[in-house]
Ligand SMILES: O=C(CO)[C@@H](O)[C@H](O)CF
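First comes one chain, alone, set out as structure tokens in the form predicted alone.
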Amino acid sequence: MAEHAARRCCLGWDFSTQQVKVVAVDAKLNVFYEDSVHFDRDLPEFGTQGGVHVHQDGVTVTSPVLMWVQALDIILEKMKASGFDFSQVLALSGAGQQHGSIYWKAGASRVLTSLSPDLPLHQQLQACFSISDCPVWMDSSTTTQCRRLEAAIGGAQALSCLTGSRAYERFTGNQIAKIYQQNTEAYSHTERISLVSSFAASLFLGAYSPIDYSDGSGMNLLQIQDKVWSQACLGACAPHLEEKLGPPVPSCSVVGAVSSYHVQRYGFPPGCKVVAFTGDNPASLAGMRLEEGDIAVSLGTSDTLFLWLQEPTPALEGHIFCSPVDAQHYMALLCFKNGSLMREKIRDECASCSWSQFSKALRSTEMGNGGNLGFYFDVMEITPEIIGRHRFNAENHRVSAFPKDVEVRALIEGQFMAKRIHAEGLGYRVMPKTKILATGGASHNRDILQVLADVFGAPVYVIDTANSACVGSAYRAFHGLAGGTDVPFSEVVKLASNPTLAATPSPGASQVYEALLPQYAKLEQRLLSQAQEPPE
């Protein structure tokens, strides 16, 4: 592929649940190469479904470490066979599925530093892991460890204030605690514990890569204000944990150069820098190029909010991570389970299964919906923990039904008011320069985006995020190369193509929603307090 020949570039990697993916991004921030290896399809010998092994108990979920190593071997060989010119790679960085952990056996570091370029990685690293099938983010088998950790720190809110989140089953500290308790021998034979992100970086470095602040804040172990491991949390999880984790580093750190293995086997230049890998969610924030005060809304099966925060207020819901692109700031993550499936149900029930009819209903009803408010949770919601459909009229009295067009608007307004209320609960504030970046299926519907702009009082842009974690990793590689903490990330990515403006707030919108939001929040609280009572 001659067109790759003289393009200086950075590589962005993504070690996700179902595949390993890579993109090459040139100095003008254009993606000119991409490839992937799909675990179930390309590595069937590992017997995964959706990239994981779900155990008999239904709550333990793991992935084979060597599958990830072999996937990297395959993708690098594919790049080499395609004529990709590794000598032009200035730096690389990457993302890993958050919360997964890898356990390196005593002696593994010696193997890592003395790899032979004649053999693929997976053949040389076979005996390097004390746990061969590692827990990943889908695992929810650590409820006991979560309760123990919260009790040790003084409760769920105290843990959230310290580490950015209350104890979650998938978070790495709780997973480590379970391994220590149930497999003490394997734990004692472990010399280093990596996250998926720092593990992947280690494969390029030929040495253990440190955990970065941003992915490290998804472990229930890192003090997000001080950026150091919490001694209380470490002590509550397992002994000698600090030395097994190593010190955390800023996310834009250059952690070293690629190992001589990659130089000799693939032709990487000896000076090619490795910038700390981070989690897939932080890498996506970088890929979407969020700036201070911005918010990204992914409108998919479930809806996810990414927020840029200056002064977070950790809560019992949502997660606060250190920002992957600015060591002084933070990002927050909120997940809402009743997303597009709920929108589709109301479309089918109230708009004859037609999105154009659904849009028409939004256009024909007024902002604020005459004070009619609705909560639509056909499955148990995460934020807040409520189930069922609940409708209230302008007097805050329950009603059993709304006219169809009112129902449509009540759903969409309610979904976006909930997002704003819970974002503000984590310390988010709309600023004059705030942009909302919308992605996912519903971001194609301009009438839905108009309601989003009106409720938040900020312009909405649409952005293609098909490879946001990969592309964000390549951007972060350029950022690390440019000097990291000393250079604003926005300066490094200014050449990237801009998102498209889709909606601006309607005149008078802020007055309407400033009046409605407190009302909606009060009703939500009322529903929450009733949630423990038996249904009528």
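Being a predicted model, the structure only gives us computed values, none of them experimental. Residue numbers here begin at 1 and follow the sequence given.
One more form of this protein, predicted together with the ligand, exists but is not displayed; see below.
Tell me the stretch among 222-230, 274-282, 197-205, 178-186 that has any heavy atom within 4.5 angstroms of the ligand in the predicted complex.
Heavy-atom contact with the partner occurs in 274-282.
Sort through 265, 170, 343, 289 and report the residue having a heavy atom within 4.5 Å of the ligand in the predicted complex.
Contact check passes for 170.
Would you kindly say which of 98, 217, 209, 142 lies with a heavy atom within 4.5 Å of the ligand in the predicted complex?
Of 98, 217, 209, 142, the residue with a heavy atom within 4.5 Å of the ligand in the predicted complex is 98.
Closest heavy atom of residue 129 to the ligand in the predicted complex, within 4.5 Å or not?
Flag for residue 129 set to no.
Taking any heavy atom pair closer than or equal to 4.5 Å as contact, tell me whether residue 19 reaches the ligand in the predicted complex.
Contact with the ligand, no.
Is residue 358 a contact residue for the ligand in the predicted complex, using a 4.5 Å heavy atom cut-off?
No, residue 358 is distant from the partner.
Would you please decide whether residue 137 lies within 4.5 angstroms of the ligand in the predicted complex, comparing each non-hydrogen atom pair?
The answer is yes: residue 137 has a heavy atom within 4.5 Å of the ligand.
Going through 326-356, which residues have a heavy atom within 4.5 Å of the ligand in the predicted complex? Please give them in sequence order.
Stretch hits: a single one, 333.
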